[in-house]
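The chain below stands alone and is given in structure tokens; this is the form predicted on its own.
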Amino acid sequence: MIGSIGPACTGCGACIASCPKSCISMEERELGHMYPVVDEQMCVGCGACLRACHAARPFEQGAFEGRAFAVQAIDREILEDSSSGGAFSLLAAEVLLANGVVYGSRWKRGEGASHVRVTAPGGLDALRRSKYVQSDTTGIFGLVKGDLAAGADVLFVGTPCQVAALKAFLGSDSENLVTVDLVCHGVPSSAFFEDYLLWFEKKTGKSLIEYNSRDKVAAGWSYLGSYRTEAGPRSALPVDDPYVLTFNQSATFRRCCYACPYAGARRVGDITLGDFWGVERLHLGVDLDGGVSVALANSKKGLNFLNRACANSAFFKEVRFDDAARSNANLTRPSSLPSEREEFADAYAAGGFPAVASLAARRYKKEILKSRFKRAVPTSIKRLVKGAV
């Protein structure tokens, strides 16, 4: 039974999609994370849930055997609407051009983050930009299976565990499926994020009408996002924002994230995408203000598709994997479990997000001061220093 997976569960929902008796549902637990619950009276013990569970299958790490690239879209509009170099948009556009289907994460206020099916370019905007929250994939894997059976080209983009979940659910690879895993630090829950937004509105005394977890226009190419309240301008999130703080300190992730088997050089997807942090050290002659993506081709299929989508539409330069991984720790190891995580879990259980915000302000005084200092230093100076290291 799927309940035996315990804290290794990633909440992907493949067990729900595979259950012939529809006797599995999700319930909220610590920090708002969702875990499967089985109705034992309906369960017939067929084992379909465990066969579809990627967490029940070992994934062994190993050396990187693909090829690594720096990518930046030529189209400036794509760059402005993307968190980094626009690589996702180029891959998605290539699939849609062939009348294919793209699956990716969309965030909507009140509904959280969830994977959706897109068949036209107009639907891509909602999938762009990073969402620092776990996306719900319940019900999506069956749709992917149906599209593949119909012969459609499919691009599936998600966290490594979501890609692994899709592969386990399908049971076999398909030539018309390209999977893209993201350089993932770990995931807070949608419930936790929604509670944060309510706290944010209460603190400012105004309703949020726009929120972006990443925004290069407002905050530059960095980890900071932006917000806009009623009749107000778009503003960068403050460096002492408790959601950003707890995320950057890995304090509110799902428990399995701290032992993620996919956070390493051997990747589960055909392609891996992320921010190319530290790219200034390579002096590639690319505009850093626009953001740069790191793209790893992990399979022959992934390499062919990456070349087809990016070679003529982007700055596309091969680099060493070690250079790509130098400032991307999760290309070599999972995020470390901080000693204060249980403290944050207890605070959230007792007092919701306001208690988390209060604890973060006390716990992370040094980190806040450091971030304020870094923000005060001009970007040109920071890049000069990093480029010399």
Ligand SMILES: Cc1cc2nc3c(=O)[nH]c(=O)nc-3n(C[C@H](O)[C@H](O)[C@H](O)COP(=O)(O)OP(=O)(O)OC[C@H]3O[C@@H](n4cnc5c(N)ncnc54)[C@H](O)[C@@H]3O)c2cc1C
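In case it trips you up, residue 1 is the first one in the sequence shown, and so on. This one's a predicted model, so the numbers in the text were calculated from it and none came from an experiment.
Heads up, the form predicted together with the named molecule isn't pictured, but that's what we're talking about next.
Taking the named molecule as it sits in the model of the complex, is S83 in contact with it (heavy atom to heavy atom, 4.5 Å or less)?
Yes, S83 is a contact residue.
Answer with yes or no whether D215 is in contact with the named molecule in the model of the complex, where contact means some heavy atom within 4.5 Å.
Outside the cut-off, so no.
Looking at the partner-bound form in the model of the complex, is T332 within 4.5 Å of the named molecule by any heavy atom?
Contact check for T332: no, nothing within 4.5 Å of the named molecule in the model of the complex.
Do L296 and the named molecule share at least one heavy atom pair within 4.5 Å in the model of the complex?
Heavy-atom contact with the named molecule at 4.5 Å: absent for L296.
Quick one: which of 155 to 163, 232 to 240, 191 to 199, 315 to 323 gets within 4.5 Å of the named molecule in the model of the complex, going by heavy atoms?
Flagged stretch: 155 to 163.
Could you check which residue among G269, G264, G225, G186 gets a heavy atom within 4.5 Å of the named molecule in the model of the complex?
When the named molecule is considered in the model of the complex, the option within 4.5 Å is G186.
Quick one: from L177, V144, A309, V133, grab the residue that has a heavy atom within 4.5 Å of the named molecule in the model of the complex.
Looking at the other structure, the residue within range turns out to be V133.
Indicate whether the candidate residues F59, S250 and R341 are all in contact with the named molecule in the model of the complex, with contact defined as any heavy atom within 4.5 Å.
No, none of F59, S250 and R341 comes within 4.5 Å of the named molecule in the model of the complex.
At 4.5 Å, heavy atom to heavy atom, what parts of 260 to 284 sit next to the named molecule in the model of the complex? List them in sequence order, or say none.
L273, G274, D275, W277 sit within 4.5 Å of the partner.
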